[in-house]
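There is one chain below, alone, in structure tokens, taken in the form predicted on its own.
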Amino acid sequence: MLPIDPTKKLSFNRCIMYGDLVIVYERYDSMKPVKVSENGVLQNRFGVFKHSNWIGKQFGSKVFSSKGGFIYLLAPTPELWTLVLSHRTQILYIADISFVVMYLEIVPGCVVLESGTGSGSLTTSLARAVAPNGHVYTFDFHEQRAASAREDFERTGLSSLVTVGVRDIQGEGFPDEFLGRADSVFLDLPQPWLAIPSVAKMLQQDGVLCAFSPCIEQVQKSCETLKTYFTDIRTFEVLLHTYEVREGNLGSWQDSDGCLGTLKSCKKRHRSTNGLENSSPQTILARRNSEARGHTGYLTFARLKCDM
């Protein structure tokens, strides 16, 4: 996914080669991951595309089929990978992921512990954030899920930045080898409060924890346990709404509430074919996208007490 040169620097500044993972962009709501192979062929409604014709092209290139249809060959960034990966579990999306990376204060060189791995959506972004010299150690209690995640990270070129382990963190805690080594810890567990005492031992002084919980009852119980070991405890809910903005006539476009959001009135006059002006007002209209994602979960952050 993230091509790594001998110095482990992440870079997309090279041409597509056989064996690369490419995100094929057909339209904004239709993308798929494709591994480029010597005799590979992609067939879709836009035509037939031979992989051999992609070799030597830069990521972001527009390629055409014999019938004139086209696709874009995009670099497999963490943002795009989150949209196309196989869902083995519920995943975190871009709004939550960006919030987590910032509030966990993750920078290149950090050591990050994660449990559980799940589908690896967040893990991918964590790996990019710690590159080139940091590392993500992620754990899942489910052996097959961990094996599938390991295969994905190998496939996407992240295996040098991510180590996947099989372990019941709720019951056993994190391995002792990480005592006092972690800069940040992320928990996505049914009972995160059971792992909090172990997290306190793993974090360096002033380290930060984030626990993701879909239910507020989980948050309440976690915060009670956090008070013993952590300070600066805060919980957030990230709600993302997207808007569609376009030019049109008032009354021609209504949202689900029967209302229109007017951002700016243009009232353009258009000349008809006979040279007369048509005074039909054109306005910039905006409405909330009805497909916008709502609640995914609560993010609770806490900082290790300095006297631990």
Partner chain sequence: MSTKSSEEILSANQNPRITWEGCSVLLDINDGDRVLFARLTAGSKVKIGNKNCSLQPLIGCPFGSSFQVEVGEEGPFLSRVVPSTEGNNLGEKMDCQNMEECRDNRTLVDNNTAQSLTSEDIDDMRRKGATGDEIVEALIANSSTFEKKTAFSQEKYRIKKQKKYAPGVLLRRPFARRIVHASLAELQPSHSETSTSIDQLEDACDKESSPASDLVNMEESSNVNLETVSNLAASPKTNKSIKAGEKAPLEAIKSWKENGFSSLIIAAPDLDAWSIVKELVPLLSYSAPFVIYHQYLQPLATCMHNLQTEKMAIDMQISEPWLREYQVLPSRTHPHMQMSSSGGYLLSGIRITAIDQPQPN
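Everything numeric in this text was worked out from a predicted model, so none of it was measured. Positions refer to the first chain, counted from 1.
What comes next is about the form predicted in complex with the partner chain, which is not displayed.
Between 163 to 171, 74 to 82, 115 to 123, 149 to 157, the stretch whose residues reach within 4.5 angstroms of the partner chain in the predicted bound form through a non-hydrogen atom is 74 to 82.
Interface residue among 43, 58, 37, 249, judged by heavy atoms within 4.5 Å of the partner chain in the predicted bound form: 58. Taking a 4.5 Å heavy atom cutoff to the partner chain in the predicted bound form, the contact residue among 212, 230, 193, 139 is 230.
The shortest heavy atom separation between residue 216 and the partner chain in the predicted bound form is within 4.5 Å. Heavy atoms of residue 223 reach within 4.5 Å of the partner chain in the predicted bound form, making it an interface residue.
In the predicted bound form, the partner chain sits beyond 4.5 Å of every heavy atom of residue 197. For the chain shown alone, residue 132 is a contact residue for the partner chain in the predicted bound form, at least one non-hydrogen atom being within 4.5 angstroms. For the partner-free chain shown, just 183 of 172 to 187 comes within 4.5 angstroms of the partner chain in the predicted bound form, judged by any non-hydrogen atom.
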